[in-house]
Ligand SMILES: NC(=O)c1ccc[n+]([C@@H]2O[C@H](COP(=O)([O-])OP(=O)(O)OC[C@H]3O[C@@H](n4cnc5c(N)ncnc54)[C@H](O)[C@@H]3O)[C@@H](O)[C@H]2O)c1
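Only one chain is included here, represented as structure tokens and corresponding to the form predicted on its own.
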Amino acid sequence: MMHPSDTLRAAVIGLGPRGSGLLPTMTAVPGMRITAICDLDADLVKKGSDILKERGVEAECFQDYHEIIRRKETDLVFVITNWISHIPITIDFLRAGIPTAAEVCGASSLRECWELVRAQEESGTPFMFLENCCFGRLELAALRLAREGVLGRVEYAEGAYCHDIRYAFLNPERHRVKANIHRHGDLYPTHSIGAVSKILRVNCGNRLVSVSSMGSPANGMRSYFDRFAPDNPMRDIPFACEDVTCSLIRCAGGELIFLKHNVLLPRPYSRGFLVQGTLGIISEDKDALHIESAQEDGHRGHGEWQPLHEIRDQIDHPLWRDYAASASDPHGGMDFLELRDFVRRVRGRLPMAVDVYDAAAWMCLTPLSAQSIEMGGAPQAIPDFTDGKWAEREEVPFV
């Protein structure tokens, strides 16, 4: 049995931009040390090793993750490979009995979502989905307000992944580029659906029932190449992914969720996070909160936004009250908090706050949104990956 003072031995699989970018934050997480890193690309392995050495960490280097499984010297693993490979790799580690945290994306098919769920259920191995936006400061503050009844009954929510990443598409070898060329629909739904799902108790007394999606034309990259890279050989490659994908999701409790995916057009970054309840609303883009007071005249139909910076200390979730964002964390604290949460739950043998049912329900929105678009926006049924357990499952708090 693991002793509380033991430092857990961690392996990191996948050392591309996300994996190597997380390494500095990982070295700051208490209770674990990185003892193995792995990537098919030897140059990326060396780069990862150098990053760790700069922080006084020596890790064994591998190009085949199966070697890490066979040597049985790993207490937990982070799978941060490309969108196509990370679910099969995660399944291999789960079946080997090694607690696994897997990075986000949208799934390629419903089948692989079911395979992930079955692998976790049959093995019983702890699994966490690394949806860092569930640990965002605003998102956790909204969760706290919802649980304390400040917003009233939450009936509607919005989420988005609006991120101008056209510059990254100049390299045709990047996996995300290939995905946008060959696939369509909401390719990256988890940042937008994750936090609002937690607020709406999805998979714990509620569930996602159906999704209807529509997509705009795909002209963004052609316009970008014409203006900034007319000689790039990718200029004439058609992109399958719509410039903007909009999805409307209905929940078992009747609530509505609106999602948007927009990465191929010029715009500032936004996750479009918004939660509307019967007593109030909180909005990321407004950076403000409105709570209806007993003194307001309900017939007047208007109220004032209260800037969040004026009340941040009053609404912060306990996780954020005790945390000062680390300069080594490019996402302002979310990454550190989620990584620390995984380590703490593995050590304490505690249930995960973001589990395999969350992963499957959120990732499946990619193939379902594509299918809905192909059928003119027709609603697509979202599977119940819990096999009916959602109605009685207890919510796992973020603590």
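All residue numbers are counted from 1 along the displayed sequence. Note that this is a predicted model, so its numbers are computed, not measured.
One more form of this protein, predicted in complex with the named molecule, exists but is not displayed; see below.
Novice: In the predicted complex, do D164, K260 and S270 all reach within 4.5 Å of the named molecule through at least one heavy atom apiece?
Specialist: Not one of the three qualifies.
Novice: Examine L40 and determine whether its closest non-hydrogen atom to the named molecule in the predicted complex is within 4.5 angstroms.
Specialist: Close contact exists here: in the predicted complex, L40 approaches the named molecule to within 4.5 Å, heavy atoms only.
Novice: Residue-level contact is defined here as any heavy atom of the residue lying within 4.5 Å of the named molecule in the predicted complex; does G16 satisfy this criterion?
Specialist: Because a heavy atom of G16 falls inside 4.5 Å of the named molecule in the predicted complex, the answer is yes.
Novice: So in the predicted complex, is the named molecule close enough to N180 to count as touching (4.5 Å, heavy atoms)?
Specialist: Flag for N180 set to no.
Novice: Under a 4.5 Å heavy atom criterion, is I80 part of the interface with the named molecule in the predicted complex?
Specialist: Heavy-atom contact with the named molecule at 4.5 Å: present for I80.
Novice: Where, among 221-229, 98-106, 196-204, 284-292, do residues come within 4.5 Å of the named molecule in the predicted complex by heavy atom distance?
Specialist: Correct option: 98-106.
Novice: I need to confirm a contact call. Of Q120, N132, Q276, S212, which residue comes within 4.5 Å of the named molecule in the predicted complex, counting heavy atoms only?
Specialist: By the 4.5 Å criterion, the partner-contacting residue is N132.
Novice: Sort through Q306, T125, S85, S216 and report the residue having a heavy atom within 4.5 Å of the named molecule in the predicted complex.
Specialist: That would be S85.
Novice: Looking at the named molecule in the predicted complex, which residues in 183-210 have at least one heavy atom within 4.5 Å of it?
Specialist: If the 4.5 Å heavy-atom criterion is applied to the named molecule in the predicted complex, 183-210 yields Y188, H191.
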